[in-house]
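Next up: a single chain in structure tokens, the form predicted on its own.
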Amino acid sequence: MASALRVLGIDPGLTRCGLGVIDVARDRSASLVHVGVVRSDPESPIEQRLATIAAGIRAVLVQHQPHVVAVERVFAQHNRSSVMGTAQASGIALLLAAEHGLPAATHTPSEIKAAVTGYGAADKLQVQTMVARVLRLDALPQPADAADALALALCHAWRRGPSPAVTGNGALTPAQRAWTDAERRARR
């Protein structure tokens, strides 16, 4: 895709870290470049688990050369150990973006869901279904961490606003129009 924005979306997690790379054209159409999950052994010491996550992210950065990195923003959960692992993996992702000289952004789960489905409280299946539809995939991206990483990459690319090359709203999907309208209302 010529002059496409290449986005690496990272759904941080200590056990499973979803990674999704997409190219997004000026007309906001998107295509899949890479999707995967980096897994670390829950029985390993924390430093080894974080090193495993870092190695997986680093490999994708080197192989696919994204222009920007988008990471899911950590939010308070009931399970303190889960949120700590997520925060640590998120920190690794943001550090690696900086080390590679890439801009990085964070987005909340509700922002991501709204960008992709038009509904900030969408469930996992709705997100996976829309990601598959937008990226023209034959099957739903699995596991959910991988789908979330792709949704995050889409969210980031689309939040940049419609490209000047887009003439009129007809080139936007309903979810993109809903997101654009919600952003406009939020700025008032």
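As the structure is a prediction and not an experimental result, all values here were calculated from the model. One rule holds for the numbers: they count along the sequence shown, beginning at 1.
Below: the form predicted in complex with a further copy of the same chain, not depicted.
Contact between residue 92 and a further copy of the same chain in the predicted bound form is found at the 4.5 Å heavy atom cutoff. The closest heavy atom approach of residue 117 to a further copy of the same chain in the predicted bound form falls outside 4.5 Å. Remark: residue 137 does not count among the residues lining a further copy of the same chain in the predicted bound form, judged by a heavy atom distance of 4.5 Å or less. Among heavy atoms of residue 58, some come within 4.5 Å of a further copy of the same chain in the predicted bound form. Of the residues given (50, 37, 122, 32), 50 alone sits with a heavy atom within 4.5 Å of a further copy of the same chain in the predicted bound form. Only one of 40-48, 59-67, 122-130, 146-154 places residue heavy atoms within 4.5 angstroms of a further copy of the same chain in the predicted bound form, namely 40-48. No member of the trio 7, 25 and 111 reaches a further copy of the same chain in the predicted bound form with any non-hydrogen atom inside 4.5 Å.
Taking a further copy of the same chain as it sits in the predicted bound form, the stretch 57-75 comes within 4.5 angstroms of it through a non-hydrogen atom at 58, 74, 75.
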